[in-house]
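In structure tokens, one chain follows: the form predicted on its own.
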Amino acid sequence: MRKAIAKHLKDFRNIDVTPEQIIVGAGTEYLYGLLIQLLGFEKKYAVENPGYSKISLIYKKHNVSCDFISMDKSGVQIDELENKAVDVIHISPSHHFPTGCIMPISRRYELLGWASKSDSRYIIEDDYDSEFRLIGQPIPAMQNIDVLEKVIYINTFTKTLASTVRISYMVLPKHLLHKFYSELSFYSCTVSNFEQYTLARFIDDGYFEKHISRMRNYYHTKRDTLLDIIKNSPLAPYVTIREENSGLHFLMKLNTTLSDSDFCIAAEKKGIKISALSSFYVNPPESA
């Protein structure tokens, strides 16, 4: 399984790692817990604001300090990381949820520079949704430009295959391997051998790549159909669409007197379920 993942990462993301660096677990939530034990409960963790709220809940339930770092159009703000004395920042640079923004190369190098200033600093690169970029090649991972072993890459097959497939993995920097295997190897793998052998065969025989290509085309068509409906509807003059090419969701800015929460409630009454950007902030700004 780990050999198959390593080959997939090399072919699809140009990430060159050994199978020994890959840790497999039943879902990213389980892997976050392992990382906390590996990196230390005394460290200060941080997540993006806005961001996926479950991540901060997991950190807090493990009784570690977890803060929220504001974002601008390029990603998390480096000065805030410094001011809040963060040790470990959890980010999704290739396709941020929920804004859809992609961290530019300049900010990535800034972030790596921040991490290089202390042995205790690390970046958890959550490569959420990277397989479903609808236009152009996948955005290169931060792990590719990390020469100081500061990036811990994490991804899942749950999004690409099915929500019931609880198989995720992380790639540890080489210098953390000895610590992991000496301190945490007593844990049994939470993914059954049967599932691992099946998925490994699925990847090795080329079916996973074909599946991704087929699903990308499917979602591309679905996205285009939805955007075309909006463009040709009475709603068109009041709508601005953003980040429609970066993955499986996009932002829709509406010119309306309704609050975003009231609009979502009104839409749900019509059978349309959407989410407000403000609901992903710790303290929503008025412009959200």
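These numbers were taken from a predicted model, which means no experiment stands behind them. Position 1 is the first residue in the sequence shown; the rest follow in order.
Although not depicted, the form predicted in complex with a further copy of the same chain is the subject of the following passage.
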At 4.5 Å between heavy atoms, is V165 in contact with a further copy of the same chain in the model of the complex? yes
May I ask you to check whether E29 falls inside a 4.5 Å heavy atom distance of a further copy of the same chain in the model of the complex? yes
Should L248 be classed as touching a further copy of the same chain in the model of the complex when contacts are defined as heavy atoms within 4.5 Å? no
Flag D72 as yes or no: does it have a non-hydrogen atom within 4.5 angstroms of any non-hydrogen atom of a further copy of the same chain in the model of the complex? no
Counting only non-hydrogen atoms, which stretch in 234-242, 251-259, 221-229, 50-58 is within 4.5 Å of a further copy of the same chain in the model of the complex? 50-58
Selected contact from D119, D205, D79, E183, since only one has a non-hydrogen atom within 4.5 angstroms of a further copy of the same chain in the model of the complex: E183
Which residue, E195, E110, E209, E149, is the contact with a further copy of the same chain in the model of the complex, using a 4.5 Å heavy atom cutoff? E195
In sequence order, which positions of 60-82 have a non-hydrogen atom within 4.5 Å of a further copy of the same chain in the model of the complex? K61, H62, N63
